[in-house]
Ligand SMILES: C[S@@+](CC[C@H](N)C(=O)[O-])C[C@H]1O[C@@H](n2cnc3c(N)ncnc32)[C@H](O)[C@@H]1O
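Next up: a single chain in structure tokens, the form predicted alone.
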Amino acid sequence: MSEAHPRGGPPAGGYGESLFEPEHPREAERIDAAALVYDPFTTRRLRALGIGPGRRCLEVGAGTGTVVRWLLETAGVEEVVALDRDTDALAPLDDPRLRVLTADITDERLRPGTFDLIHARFVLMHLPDRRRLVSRLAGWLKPGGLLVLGDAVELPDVLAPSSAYRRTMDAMWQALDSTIGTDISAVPAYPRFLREEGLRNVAAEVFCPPLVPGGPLALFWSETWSRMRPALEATGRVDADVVEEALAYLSSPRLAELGPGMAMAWGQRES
């Protein structure tokens, strides 16, 4: 994916690449740590929605291809179009039903076709004019097709706003906003957006995975914060000591937080 800011238009580079270089030796590991946490939730919902043989699917922001692999190997769909700006990690996936599309979802010239399923996870929250993108994705649905969107939501402990963990997490969201344009404030409105697009059977759910020391989610946040240290400190919310305390807390048996979760919303085009 490429970098953009919702207020000032897209700067040069890729979405997040100024913070998380695709070529970094631990970038795939960082992404896969999050996938390990969220994939079971995602695939359980896709299975419940009836995704299986005969379906043509668009995976937006395919990343390292974990959901793509599930669609092909477990769900047994007819075809997957895996879309991302950086598709190098998809090279090991050798399947005639897979079409890799190296492109930017914000490119107005993009015409990938129509689909029985369009799935985007942790994508729209990083992009400008995301409400318009929901309309665009809905327009690529076949009759009866499903649009499934998943993005981050926060459930902070308002009784501990000055803890090192909370200050570092808040600094992260601020840094992501100022550098990439990340904004999770509209995520709870996704069901409404889908209804406004004329989709039916609209529903949503929230999953907050356990944040435990040594677990994949703690490892994901630890790697994310470690790589973002300069940007975190630049917000003025934290200094090096606060970040260090927060990182130590993630691996401590004292860890007791309801970490960021994922809201998933879905709707179906009329048949």
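Just so you know, these numbers come straight off a predicted model, no measurement behind them. Note that residue numbering begins at 1 and tracks the sequence as displayed.
Omitted here: the form predicted together with the ligand. The next part is about that form.
In the predicted bound form, the ligand sits beyond 4.5 Å of every heavy atom of Leu232. In the predicted bound form, the ligand lies farther than 4.5 Å from every heavy atom of Asp183. A residue is said to contact a partner when one of its heavy atoms sits within 4.5 Å of a partner heavy atom; Glu79 fails this definition for the ligand in the predicted bound form, lying far away. Looking at Ala138, you'd find every heavy atom of it more than 4.5 angstroms from the ligand in the predicted bound form.
Only one of Lys142, Arg166, Arg99, Arg85 comes within 4.5 Å of the ligand in the predicted bound form through a heavy atom, and that residue is Arg85. Screening Asp129, Asp170, Asp104, Glu196 for any heavy atom within 4.5 Å of the ligand in the predicted bound form leaves a single hit, Asp104. Note on the interface: of 235-243, 59-67, 205-213, 43-51, the segment with non-hydrogen atoms within 4.5 angstroms of the ligand in the predicted bound form is 59-67. If you take 115-149 and check each residue for a heavy atom within 4.5 Å of the ligand in the predicted bound form, you get Arg121, Phe122, Val123, His126, Leu127, in sequence order.
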